[in-house]
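Just the one chain here, the form predicted on its own, laid out as structure tokens.
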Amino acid sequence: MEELEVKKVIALMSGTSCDSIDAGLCEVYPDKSVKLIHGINYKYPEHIRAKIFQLFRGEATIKDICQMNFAIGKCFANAANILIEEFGKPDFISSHGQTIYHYPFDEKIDNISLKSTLQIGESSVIAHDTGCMVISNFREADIAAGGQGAPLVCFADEKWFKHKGKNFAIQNIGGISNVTVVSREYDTFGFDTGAGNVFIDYCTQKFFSKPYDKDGEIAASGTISETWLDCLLQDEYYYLDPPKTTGREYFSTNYIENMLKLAPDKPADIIATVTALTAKTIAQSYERFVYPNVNIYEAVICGGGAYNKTLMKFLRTYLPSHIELKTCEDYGISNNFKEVMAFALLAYCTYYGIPNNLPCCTGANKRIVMGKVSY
């Protein structure tokens, strides 16, 4: 195998919140550690973002999907070029793309599996507009190998935390929440715990005309409706055994509007309750699926949810007191750009032909190399 060298990688990521394209210039080292040199949040143009949400809602034609695949590729290239102008060309670019549909279920037609996923943001456009090799489309190979194509960040979590000698729950709270359990005694495992910021953002936009609840201030001003919270906690997803993944296809606009039919009258109470829901589903998922196997000593929070003070307060309330609550920043990993750093590592492994999925997290039938290359 080719000898591993340090590589400069620009990684591009846009998650389920779709608030911006996260772009980060990283250095990836042969020991699989990653250093973030500089990160930016590149805002989608207003009408492009509106179109993406149309795709999420299923209000798109084939023509819309075709056009947006190339338009989002242009946006990703623009984000990368901002970093290239300042720092020069990287060795290659890693692009996660924009997930518009994720279907991790074993449904069949004519005995052929329909398990699938779709990330758009045409990598050939990114390669052309930046002049760089692009590694993209990571999830498909895992699904082809029988997995769910997620969660993929578990691979990086294991590389970054396994050697630290503690038992960790690495909890990302983006649009969707997902956990990686890294311990001394057991194989790493992970799964999506449920909705992260997707309910909070939607309700904050609907009732307060703000894109998100900054610092959890609105939630802090409200009161949790315990009856509504108990009702929301009954959803069958929370009881499914891992490996499991979810997304906007499940926690959709229709889903949220249906749950709001039973909501309290005061908008601030709605925000407080859906924030509590995110925290409580995380805590309950640990009780059901983590503690029976692994004693956890520390929960490390990352993603946008780490900045929501009320969400963090609720997590502290719902988690056992012996579990320390920290953020990725405590370990020198950016809360904002952790997933960018993880996809820089995934692309590094693709480049060198190193298997970069974790079947114990995704359910795949074997270790494989994920990612496609565009020149």
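Here the structure is a predicted model, which means the values were calculated and not measured. From 1 onward, residues are counted along the sequence shown.
Note that the form predicted in complex with a small molecule isn't included here; everything after this is about it.
**Student:** Answer with yes or no whether K108 is in contact with the small molecule in the predicted complex, where contact means some heavy atom within 4.5 Å.
**Tutor:** No.
**Student:** Just checking whether F189 would be counted as a contact of the small molecule in the predicted complex - the rule being heavy atoms within 4.5 angstroms.
**Tutor:** Residue-level check for F189: no, no contact with the small molecule.
**Student:** Would you classify K214 as touching the small molecule in the predicted complex, given a 4.5 Å non-hydrogen atom cut-off?
**Tutor:** Yes, contact at 4.5 Å.
**Student:** May I ask you to state whether A364 is within 4.5 Å of the small molecule in the predicted complex, using heavy atom distances?
**Tutor:** No - in the predicted complex, heavy atoms of A364 and the small molecule never come within 4.5 Å of each other.
**Student:** Only one of T99, N197, T273, T193 gets a heavy atom within 4.5 Å of the small molecule in the predicted complex. Which one?
**Tutor:** Of the candidates T99, N197, T273, T193, N197 is the one lying within 4.5 Å of the small molecule in the predicted complex.
**Student:** State the residue from L152, I135, I173, V182 whose non-hydrogen atoms include one within 4.5 Å of the small molecule in the predicted complex.
**Tutor:** Going through each option in turn, the one that passes is I173.
**Student:** Which one of these stretches, 62-70, 27-35, 325-333, 307-315, sits within 4.5 Å of the small molecule in the predicted complex when only heavy atoms are counted?
**Tutor:** Careful reading of the contacts points to 307-315.
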